[in-house]
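Below, in structure tokens: the form predicted alone, a single chain.
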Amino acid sequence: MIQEKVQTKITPDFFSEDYFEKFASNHSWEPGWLADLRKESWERLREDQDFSLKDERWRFSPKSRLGYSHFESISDSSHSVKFNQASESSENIWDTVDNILLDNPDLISDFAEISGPNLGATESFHLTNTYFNNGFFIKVSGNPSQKLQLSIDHTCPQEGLVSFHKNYVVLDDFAEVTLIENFISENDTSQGGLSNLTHFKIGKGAKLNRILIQNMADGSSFHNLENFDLHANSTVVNVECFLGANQSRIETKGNLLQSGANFENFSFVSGRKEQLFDQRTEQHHLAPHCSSNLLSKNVLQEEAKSIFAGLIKVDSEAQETNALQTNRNLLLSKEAEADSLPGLEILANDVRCTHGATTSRLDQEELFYLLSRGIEKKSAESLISLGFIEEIIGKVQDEDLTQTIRDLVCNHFK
């Protein structure tokens, strides 16, 4: 008789009731609305802790790799978020959540009403709402004469620890901001986890250019959940570059709430070794005369794997919608794997919506051409890959930052 091997799930301290009560006690100085939020999120976390149910929002994904069972505790993340410039204007505010909770917690009371992208990673959403002890807050006034550029560093903790960041960005009507977010680790060997939850509120006629660069250490885990609410005639250009971490779950949702909104979402993955990148997106059109465009490109070496699941959702009121969605994958080895699930859900009848996905292998003729010119194989693959994702990198529109991103990609081939 063959005995079935039973795997014991290791439960980290922060899933226990004792841990939560101790955490809540240590944060007893926080305002009542935040205590209520943490308690409600904790209860929802306990209710949703049934991992046996099949969830299509995790299709093709090895969910166990993206869980929290291998983390021992929550990091003291008081220094894990850093602005690279100080706020010096009374009409514009940016600071870490750590500081805001001490000085002016009412600024972020809207946190209690925020919902996540809700594309599958509910455990990450509830854990972050329960235990966040840092993040950032940005509020920019609609002064047409100013074009701000802000840069923020998020630092992943050491092995065995996880940090939870909760962020809130408010652009008043006609504000214009470029936001650069860098996700890094304490050092090249740090293998902790970082869960990041961000809500963007983009006012009428406002413009947000956002660049995210994730280059955390090998072995670390990354969860990034973000929700964009776009109001009338606003524009978001979101460019995301994913290179680091051993496993990443990325959820991005754009809600086009009022007429004339435009949401552009561009991303690339440069994967190697056994990296896993699980990307879920939704372009939700709720109002007429809006447009959205998504382009995702993945380059995968060795045994790297990517999953892309995207949905264009058009409500019945969203007539004259123009929405595009494209996922393209380049596999550099026989072991690399890319799964694509583009989708449409259209209830309006006057729309222009297209979606598609392609996966291809490395062009051997291109590779042979470069090799015949004395270029080493890894360098040749790097050049071909850069050419493949240059369309995404070019959206950054900052010469120095663009070169930095190219250098990071090239380092992946060493």
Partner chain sequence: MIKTNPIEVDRDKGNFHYNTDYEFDAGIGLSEDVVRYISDVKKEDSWVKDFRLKALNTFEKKKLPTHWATKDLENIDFDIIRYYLSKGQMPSRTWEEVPDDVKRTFERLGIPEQERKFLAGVEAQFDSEAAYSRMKDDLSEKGVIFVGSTEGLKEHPEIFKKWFGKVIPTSDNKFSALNSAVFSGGSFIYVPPGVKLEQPLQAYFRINAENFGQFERTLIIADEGAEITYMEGCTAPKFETSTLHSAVVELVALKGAKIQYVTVQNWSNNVFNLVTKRAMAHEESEVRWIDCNIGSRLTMKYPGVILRGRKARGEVLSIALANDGQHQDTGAKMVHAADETTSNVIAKSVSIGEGRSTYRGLVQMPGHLKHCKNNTECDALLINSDSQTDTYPAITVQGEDHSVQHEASVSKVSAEQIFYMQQRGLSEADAMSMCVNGFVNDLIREFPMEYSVELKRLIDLEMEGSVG
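Just so you know, these numbers come straight off a predicted model, no measurement behind them. Residue numbers count along the first chain shown, from 1.
This next part talks about the form predicted in complex with the partner chain, which is not shown.
Legend entry - Any non-hydrogen atom of residue 60 within 4.5 angstroms of the partner chain in the predicted complex: It does: once the partner chain is placed as it appears in the predicted complex, residue 60 has a heavy atom within 4.5 Å of it.
Inset, instruction - Evaluate residue 293 for contact with the partner chain in the predicted complex, applying a 4.5 angstroms cut-off between non-hydrogen atoms, and reply yes or no. - result: Although the partner chain is absent here, residue 293 would stay clear of it in the predicted complex, with no heavy atoms inside 4.5 Å.
Inset, instruction - Decide whether residue 179 counts as a contact residue for the partner chain in the predicted complex under a heavy atom distance cut-off of 4.5 Å. - result: So residue 179 does not count as contacting the partner chain.
Legend entry - the partner chain contact at residue 31 in the predicted complex, heavy atom, 4.5 Å: No, residue 31 is distant from the partner.
Inset, instruction - Would you point out which of 39 to 47, 66 to 74, 351 to 359, 22 to 30 contains residues with a non-hydrogen atom within 4.5 Å of the partner chain in the predicted complex? - result: Within 4.5 Å of the partner lies stretch 351 to 359.
Inset, instruction - Report the residue, out of 219, 288, 205, 342, that has at least one non-hydrogen atom within 4.5 angstroms of the partner chain in the predicted complex. - result: Here the answer is residue option 342.
Legend entry - Heavy atom within 4.5 Å of the partner chain in the predicted complex - residue from 319, 151, 233, 246: It is 319 that has a heavy atom within 4.5 Å of the partner.
Inset, instruction - Determine the residues of 328 to 344 with a heavy atom within 4.5 Å of the partner chain in the predicted complex and present them in sequence order; the list may be empty. - result: Those in contact are 331, 332, 333, 334, 335, 336, 337, 338, 339, 340, 341, 342, 343, 344.
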